[in-house]
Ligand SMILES: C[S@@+](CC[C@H](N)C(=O)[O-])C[C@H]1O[C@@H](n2cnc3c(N)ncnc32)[C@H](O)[C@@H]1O
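Only one chain is given next, in structure tokens, and it is the form predicted on its own.
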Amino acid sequence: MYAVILGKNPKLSEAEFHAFTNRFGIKVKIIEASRNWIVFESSKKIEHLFHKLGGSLKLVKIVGEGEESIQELTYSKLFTVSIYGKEDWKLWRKLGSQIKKTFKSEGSAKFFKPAKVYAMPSELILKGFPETKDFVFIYGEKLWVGETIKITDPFELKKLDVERPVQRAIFSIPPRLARIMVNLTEVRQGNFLDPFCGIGTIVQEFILQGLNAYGSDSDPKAIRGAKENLKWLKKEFRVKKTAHLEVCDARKLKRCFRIKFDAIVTEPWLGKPLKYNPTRGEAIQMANQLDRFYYQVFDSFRDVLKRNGRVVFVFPAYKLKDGRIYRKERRWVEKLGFEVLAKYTDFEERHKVVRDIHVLRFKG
């Protein structure tokens, strides 16, 4: 039995987890779920493929139910405790003390206690303590006890973002989100295209996942930057695959690509950066203007997608002056032959433009 701890956008992370298990044919039986975690039964296949998830923090191997399951934890000289479902500093210290007592017969053990925060394994790695075991207590309908066996590698995601030679900080999608979007396609292999590839963040994820990677952008400078970044990726991550990149208008894709794609994953131009939160009227106007462009882009998708091909596309939504979020309903995508399968938002409090991620199927 396992548990997955979801990331900072739990709804999106949960959606990715289910899409990911479908994508890789991992049979999962959900035992219990909450906002920030899922307890489930699965084969060991989940352990081998967990690194392909972008939105989950860690994979936990459940050892038992109730506090008596502490007896089943694997001895470690240095350990920490993570609690989910409760926020109780005294309980956190109490559990740590119980584990120390249990381990006493096997040897001395130190309870690693960061000042005034609950420990997370990714933080521990960044602090330079990779040998620390993370014991997990999940308070749901039952108390689930386990130990972390896999984590999202913070070094890898940071490296993919800030160490590549060409940067476009304002316009680039985070590598974490690129990975999530690829999983949302539920397509395991085949030809993948990012027609607004910029400096190549999504394309590099195609390559890391062993997919046939294609990218295009109307800006020749961006394509040159993407080629530099992919050369760096090949060297730093020792990947053999490369990508086919083209300078191309996303509204005229059939002129640039003669193959059919299994999936398109992309974040297009979302409009000019906003200096203030718009009114509802201003948001409607901006969305309508961009939709004239997006309509032509989706019309072009029809020429290069296989029947039942998937599209994961970021539309702009807007955080309004009154704090609400305006998300436009786009009926025109259905008229072009696309079925909307799901929609998710991804943003931070400071953002004025919200990512409105659509998962679509081309009916052909």
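The numbering used is simple: start at 1 and walk along the sequence shown. What you see is a predicted model, and the numbers here were worked out from it, not measured in a lab.
What follows is about the form predicted together with this ligand, which we do not show.
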query	finding
Stretch in contact in the predicted bound form with this ligand, which is absent here, among 151 to 159, 167 to 175, 129 to 137, 104 to 112 (heavy atoms within 4.5 Å)	167 to 175
Close approach of T201 to this ligand in the predicted bound form, 4.5 Å, heavy atom	yes
Contact label in the predicted bound form: P278 to this ligand, heavy atom within 4.5 Å	no
This ligand contact at N212 in the predicted bound form, heavy atom, 4.5 Å	no
Residue contact check: Y84 to this ligand in the predicted bound form, 4.5 Å heavy atom	no
Contact test, all of D291, Y326 and D356, partner this ligand in the predicted bound form, heavy atom 4.5 Å	no
Listed residue (F261, W144, F206, F196) with a non-hydrogen atom within 4.5 angstroms of this ligand in the predicted bound form	F196
Of E72, E236, D219, D88, the one that lies within 4.5 Å of this ligand in the predicted bound form (heavy atoms)	D219
Contact set, 245 to 266 vs this ligand in the predicted bound form - heavy atom within 4.5 angstroms	C248, D249, A250, R251
